[in-house]
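The chain below stands alone, shown as structure tokens; this is the form predicted on its own.
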């Protein structure tokens, strides 16, 4: 074991050591077969895009959708990749919409497989393919997109291309709405961080890592690169804790991910993250991170992540029903605490607050643990106990009964506050 770790630290890539399943420089082998974790990831994207486009088309503002690492568009086993999934959903949404002047622009960025991508999406209209690097093109592509709806899907092969300053710049553009869904290889980052700080890491950290970068033997440059990815130096203290055995690898990854999301919250109002792991106790393959300034988008993504989490639980439990309610980190949810947490968020506001804003603030603080419908059930209980006040418009149903809806739609609004 010790010899393996020493070899890993001194070689450029651990794939050179363990062999088998190694990704080539342009990740060619990745597209041979769509793996289970990749299916879950694309389900998260696809199931979110359907209601997203349904709602966002109603704004009647131009929509700019970007797949920043589009790949080939389709796997060799016939499964659709993220570009085709998005294109199909956009086509269906445009056919169903009542708005005739819907302006949707699609951009697919790809460095290594642009020709295969062109061939796989040639049957779709209004698709721009940019052959090059995401980090070299994204700022240029967003020029002139002010007051538009922008959705960025960022699914890189590694972590070093995710320069945090790009997210900072995007947040400063005066967009009508912004949504980012990022596939972040958090354990890949921890591995790179350990190497940069000359820290021996457990060999098991290497197991099943996807899309890792080559090790950089220039530690100073690696540290500088990782500072850019993390948006700060906070990760170095986490690696020191790991080095001193104050925390283990699981805790290091979780602490880093939490701080990374906290950094994003300085630029986006609402940030959620979901670990993708196929077995309980397993390190996440990656984390799906959603950042937006749109309250409804946050609530919508929460429910989408929660449904995907239920699907993951079925895989983790081998089809058996779990006896306990757990959140996406496999931590038991104490529903008795939910009401206290709800009131804590609500007490931050002196006046009535829109239900969508309340839900987004609650979810963004406490993470994906339950569905929004479960949160609303607790709100009902609090209302019945006279702990909160609810104002609905319209107050009565067409049959003259008191309204009890929680969902906001055209002509329907809900506001809440503490009594």
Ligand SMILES: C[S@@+](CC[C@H](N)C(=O)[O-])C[C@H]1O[C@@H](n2cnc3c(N)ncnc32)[C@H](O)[C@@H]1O
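These figures come from a predicted structure and were not determined experimentally. Residue numbers count along the first chain shown, from 1.
The form predicted in complex with the named molecule is left out here; the points below concern that form.
The closest non-hydrogen atom of residue 366 lies beyond 4.5 Å of the named molecule in the predicted complex. Taking the partner from the other structure, the named molecule in the predicted complex has a heavy atom within 4.5 Å of a heavy atom of residue 82. At least one heavy atom of residue 111 is located within 4.5 Å of the named molecule in the predicted complex. The closest non-hydrogen atom of residue 30 lies within 4.5 Å of the named molecule in the predicted complex. With the partner omitted here, the stretch from 228 to 236, 191 to 199, 174 to 182, 102 to 110 that lies within 4.5 Å of the named molecule by heavy atoms in the predicted complex is 102 to 110. Between the named molecule and the residues 256, 268, 309, 157, the one pair within 4.5 Å by heavy atoms in the predicted complex involves 157. Only one of 167, 250, 75, 124 lies close to the named molecule in the predicted complex, with a heavy atom inside 4.5 Å, and it is 75. The three residues 42, 69 and 133 all sit with a heavy atom within 4.5 Å of the named molecule in the predicted complex.
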